[in-house]
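Just the one chain here, the form predicted on its own, laid out as structure tokens.
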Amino acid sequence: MSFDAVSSVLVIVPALNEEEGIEWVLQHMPEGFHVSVVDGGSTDETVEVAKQYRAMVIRQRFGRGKGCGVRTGMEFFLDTEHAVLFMVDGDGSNDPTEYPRMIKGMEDEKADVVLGSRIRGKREKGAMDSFSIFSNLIVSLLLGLRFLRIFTDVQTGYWVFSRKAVKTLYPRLKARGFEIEMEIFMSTFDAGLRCIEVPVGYKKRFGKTKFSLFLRFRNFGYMIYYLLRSFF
């Protein structure tokens, strides 16, 4: 099955209280994609908006946090016959029309996992502050160098996975929060999967970010943990 066949793609959008952002994401979703919104217990109109745009709504399992939403989406994907999993954030900062660029990279490089680099791509003014850019670069460079590779945005919300990759990664993932992206990245290389990054666009999100300064510093701790785990 060709990766560029619309019917072969399942889009997963993890979301918690993102009624404005999820509407923008669903409005800009490529026509014909099968879309599932993984809801983490929203108390606003996120679920109602998703249903309005005929997206399937999946209730998040495993607990609270983005990592639980991502794992729920992967579990659901494995119960389908789709060949490719495309994952984007639901806050309106990720443009789902970047999919063709990412899938082209997957096909050209024969990759199992593709992450979209907001650092290398075109960012809307004000979408990322200097500290976010700096911290993402430091974390990404350190994790990438563990495998003698250069990456710039490991903590991105843009991901494309082959079916092989999801089957391999899903049993390995335990993260519950925003550290999920780092765990995916490290687990990809630990499992011998091929991972690449491609430049993608990035917009200012709708509403207030849930990724606080405390959580950003906590992710530095997780970076050290995943680095040590990969050695031992």
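One rule holds for the numbers: they count along the sequence shown, beginning at 1. Remember, predicted model here, so these are calculated numbers, not experimental data.
There is another form of this protein, the form predicted together with a small molecule, and it is not shown here; the text below is about that form.
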| item | value |
| --- | --- |
| Exercise: Asp89 in contact with the small molecule in the model of the complex, heavy atom 4.5 Å | yes |
| Proximity of Arg216 to the small molecule in the model of the complex, heavy atoms at 4.5 Å | yes |
| 4.5 Å heavy atom contact, Leu16 and the small molecule in the model of the complex | yes |
| The small molecule contact in the model of the complex: Ser36, any heavy atom under 4.5 Å | no |
| Proximity to the small molecule in the model of the complex (heavy atom, within 4.5 Å), stretch among 161 to 169, 64 to 72, 186 to 194, 49 to 57 | 64 to 72 |
